[in-house]
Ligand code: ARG
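Take a look at this one chain, the form predicted on its own, written out in structure tokens.
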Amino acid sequence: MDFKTEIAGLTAKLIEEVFPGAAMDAAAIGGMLETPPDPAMGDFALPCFKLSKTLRKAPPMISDALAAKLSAPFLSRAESVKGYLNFFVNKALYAEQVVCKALREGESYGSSREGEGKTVVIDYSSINIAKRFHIGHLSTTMIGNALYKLYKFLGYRCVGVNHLGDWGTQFGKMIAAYKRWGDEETVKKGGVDEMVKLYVRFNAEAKENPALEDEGRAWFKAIEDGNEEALRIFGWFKEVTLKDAERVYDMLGVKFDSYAGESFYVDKMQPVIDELRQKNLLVEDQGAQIVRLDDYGMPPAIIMRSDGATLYMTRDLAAIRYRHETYDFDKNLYVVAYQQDLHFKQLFKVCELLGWDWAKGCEHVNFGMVSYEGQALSTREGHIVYLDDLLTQAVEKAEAIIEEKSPSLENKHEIAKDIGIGAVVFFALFNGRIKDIDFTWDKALNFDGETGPYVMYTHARCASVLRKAGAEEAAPDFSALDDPEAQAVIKLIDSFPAAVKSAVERNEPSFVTRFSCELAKAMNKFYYERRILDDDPGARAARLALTKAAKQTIAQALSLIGIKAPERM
């Protein structure tokens, strides 16, 4: 039963009976219904001020008249308070409906088929070749991974794209550095770390010797021209980088459907350039080819530099067209930091000017920057925190906490992996994505408060209660769930589908992350205030059913943001 819909229908019908001549639409009444801030004021409320003009009555007169006549099996009572009509649902019926629905639907609870027949392409992570996977990639990787799971949960066909940064002058610089100071054996042994050392050294020495920049540009031109040696070294750099990145993706449980990076679109740019020219959008400016966007309050979109080199804009336009032709997307999301806001505004405006109506589904899902213990990150300056190092430390710290608090726990290392990595992911996805993140160990691995370990521990506590209870034979007496603590848990479980839907509508995984935290808080309060393993068989069965539904919903919420929920901690 949808209580809100039932109340709206009942109220609309009653208004027509109590106030002859009035015609009310149930959907309109449903839109007026509110959720009171305090449960003591009811489960739903109708502000009768919104009806006053139509019914030509004072709000208190309307609410008084309706409250006197309202009656239904699914309502325990209705009250009139200062022009508000407050509805109190039958708590036992509400508990039974919510808990039974959640348990009946199991892992599909909260899912839907609204995305059936639709495709969403999600561009996320987008690591750079010849650079190690660092903490700065944490947000894009985990936001994108969560969105992939959330959209799929609602029935969409999802395509995860790792748009590799594998084109540009920096790769010429890498080859120049390798030719000057590197050797194959050292790079084989040191992997991406050694490449990063070479890159940092190149930038440091180029400050003293600017001629090195020309050398880097020349090697990139060699890549563009198909020079055999340049392509061999460049291909090797890519192979080493992806092998290193796969270790981190495996730790995070992240996968992609495509690794088509910038270089993939190099031979697909010319048709876009030709179309821009044919539609008189391309103009020359100081030797460069640009699309003017002055009329839209933006600087020009540079398509080709004066030396003929293409840019991100050119390749992104080619990528949009390719993705539409290949996947026929309904949505094409770019999970990229807010520093690229202007770039994507320009990109989408150029698509509009080209007349690509299908590109309306493109959206920039921006997010804030990541720092570590108060320090900004810079690969060029050598100030960086590598993600695999961070995850390894998280696991070690979690294992140390387990050793201290639960030394006899079985599979300690595996559970520590779930807790440590889950803590990092939860930390990254807890706040709204546009906020900057300063990663600190004290906050991330805390077992109290709004953290991943706290939510995971609540799940494990529910599992422990259910193990202790064993098989349940009595029929649940849902009237035993009429207390405020149980009702708070039930309302949150009931709101889970809406939290998932809102997360997808806003491309905001934090809605689900925060939901899991609120449910964990409510469940812990219920655990402390009420005796779950009650002596009364009916009450015991009802409270265990609620515990099972809460455990299942916490696990599903964590799963949707890419976190495992341990059964024991």
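From a predicted model like this one, the values you see are computed outputs, not experimental measurements. Residue indices: 1-based, along the sequence shown.
Form predicted together with the ligand: not shown, discussed below.
Interface residue among Lys173, His163, Arg433, His459, judged by heavy atoms within 4.5 Å of the ligand in the predicted complex: His163.
Though the ligand is absent from this view, in the predicted complex it lies within 4.5 Å of a heavy atom of just one residue from Phe496, Tyr178, Phe427, Tyr334, which is Tyr334. Stretch-level contact analysis of 463-471, 272-280, 118-126, 403-411 against the ligand in the predicted complex, using heavy atoms and a 4.5 Å limit, identifies 118-126. Contact annotation: Lys349 falls outside 4.5 Å of the ligand in the predicted complex, judged by heavy atom distances. In the predicted complex, at least one heavy atom of Tyr312 sits within 4.5 Å of a heavy atom of the ligand. Among residues of the shown chain, Arg323 is one whose heavy atoms approach the ligand to within 4.5 Å in the predicted complex. Within this chain, Gln340 lines the site of the ligand in the predicted complex, having a heavy atom no more than 4.5 Å away. Of all the residues from 539-569, none has a non-hydrogen atom no more than 4.5 Å from the ligand in the predicted complex.
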